[in-house]
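Laid out below as structure tokens are two forms of one and the same protein chain, each shown alone and named structure 1 and structure 2.
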Structure 1
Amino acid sequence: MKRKNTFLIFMVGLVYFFIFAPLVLIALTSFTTESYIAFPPVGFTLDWYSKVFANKTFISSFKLSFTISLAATSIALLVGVPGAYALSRNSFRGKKFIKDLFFSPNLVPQVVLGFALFTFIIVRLRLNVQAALLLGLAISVVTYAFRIVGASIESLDYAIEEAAMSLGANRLTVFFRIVLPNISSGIVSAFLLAFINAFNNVPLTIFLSGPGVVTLPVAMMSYIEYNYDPTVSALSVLLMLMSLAIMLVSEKLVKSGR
């Protein structure tokens, strides 16, 4: 038994090493004084961070990515939360098909999904690039709302809702006063996963981007094609800190809500 535990701890440590080692390397290279990405870093400087804020392309693409990802996540939750509740609390013909339909964006490779959305949204519907990007990202992340929120609703005891309805509350009141407060942690988790995936989505945004509409991941890829300096490392560290801050704030909100 002890040998098995040691092997398990070793494997877990190995997994964590492969996850965090590249992040640590990126963080260290962002402080080097060399004009190229190299490890081990030489010296210490914060100049690459100042160059991130001086780069107008990075700033404008960050604003676009943040705004569109936030809007796409909001749309996904507005669709996914009531949809997950309806699927969890009702039985009807075709229920399994509808569930599979909303889970399908994660089953299809993002490159294939991006090309399909480009063909349908831009070529057929002729929407402008920003509207197409917003709709495409919302479609790609709505599955997180269905999966995570749906799991939270399934774990919620239906007797609580029945008790509220027996006291005179209607379905709408039960949903807003009983269900939503009890699944707030699931909603926050769905928001985090959906937002981060929408913000970092590269294959789909490549197909749906256009002149003057470039997301931050695409801008980073374009930059590193011609520049191999640690500016991208510094930007990556800032994005990691942003994700960490969002997670900490969300956790605080969930705890205060409880």
Structure 2
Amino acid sequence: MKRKNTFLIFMVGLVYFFIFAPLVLIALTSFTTESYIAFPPVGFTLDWYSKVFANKTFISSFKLSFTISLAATSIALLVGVPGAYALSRNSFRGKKFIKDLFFSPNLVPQVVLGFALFTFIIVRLRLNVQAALLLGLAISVVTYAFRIVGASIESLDYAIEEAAMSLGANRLTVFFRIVLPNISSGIVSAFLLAFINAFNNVPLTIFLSGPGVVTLPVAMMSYIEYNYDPTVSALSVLLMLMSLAIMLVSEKLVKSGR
């Protein structure tokens, strides 16, 4: 297949245009001086960006989304990494069942989980919305921690651990001095992927919101319902920059980890 295939190239161009054009359009419209979303954009201003930072709801919901996602991701890793380690280092009957359990959060539609957690945590247990958000997001991303870190652990030779132990290190030392440094790039990519997914979550967090406790994507959605101005474009660009930063950091770390 040496000769260039025009049809293939056309399809590739079309699909990547389809993928990027909408995002580029948003970025362009965020600089317009008109008070509505205009294309081609008129003039150039950064006003819409300052409007984002002046919007109290956006700022407080960003803070909430950021801290809750960070905390939920930490919980997911704290329970997922030991779990993945235990499963990969032992084989026993029922291993597949337990593995499936760890994968099950990805099989349940997020709206269903949101509704179930709303009736259980908020209505039945009477915990506050923040607790519900924290647990719900931890559940919804635990599979990333479990799967990605699990893959790193599987590819780590157990002989290294045995060697360390035969030289007198105990289990705990081996885990912290041998296993953890070797799977650090897996942990970092699991962390970043889980964080961005928790941060972006709508279907779960829309059920788990209360007065003054609204995640950023949900706040953004209700803003769009009543307003159609380039503030949302500006906020979208800021969020895209955040995703881009996370992606670049994770690429870099994964590469240096190899």
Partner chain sequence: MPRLREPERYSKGGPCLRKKSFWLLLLPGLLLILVFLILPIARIVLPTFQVEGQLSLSLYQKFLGDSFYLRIFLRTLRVGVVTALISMVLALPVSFYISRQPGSRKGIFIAMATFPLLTNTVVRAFAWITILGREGILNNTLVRLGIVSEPLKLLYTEGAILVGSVYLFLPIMLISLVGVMENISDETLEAAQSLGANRLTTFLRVVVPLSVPGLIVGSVLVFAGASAAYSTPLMLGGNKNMLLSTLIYQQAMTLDNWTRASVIATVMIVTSYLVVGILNQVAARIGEKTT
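Only a predicted model underlies this, so the values are computations on that prediction, with no experimental measurement involved. Numbering for residues begins at 1 and runs along the sequence of structure 1. We call the rigid core whatever largest set of C-alpha positions still superposes within 1.5 Å between the two forms.
Original post:
Given structures 1 and 2, which represents the form predicted together with its partner chain?
Top reply: Structure 2, which is the form predicted together with its partner chain, differs in this respect from structure 1.
**OP:** Could you check whether I37 and I153 sit in one rigid part, given that the chain shifts as two rigid parts between structure 1 and structure 2?
**Re:** No, since I37 and I153 fall within separate rigid parts of the motion between structure 1 and structure 2.
Subject >> Whole-degree rotation of one rigid part against the other between structure 1 and structure 2 >> reply: The computed domain rotation is 10 degrees.
**OP:** May I ask for the C-alpha shift of M11 between structure 1 and structure 2, in Å, based on superposition of the rigid core?
**Re:** On core superposition, this C-alpha lies 4.8 Å from its counterpart.
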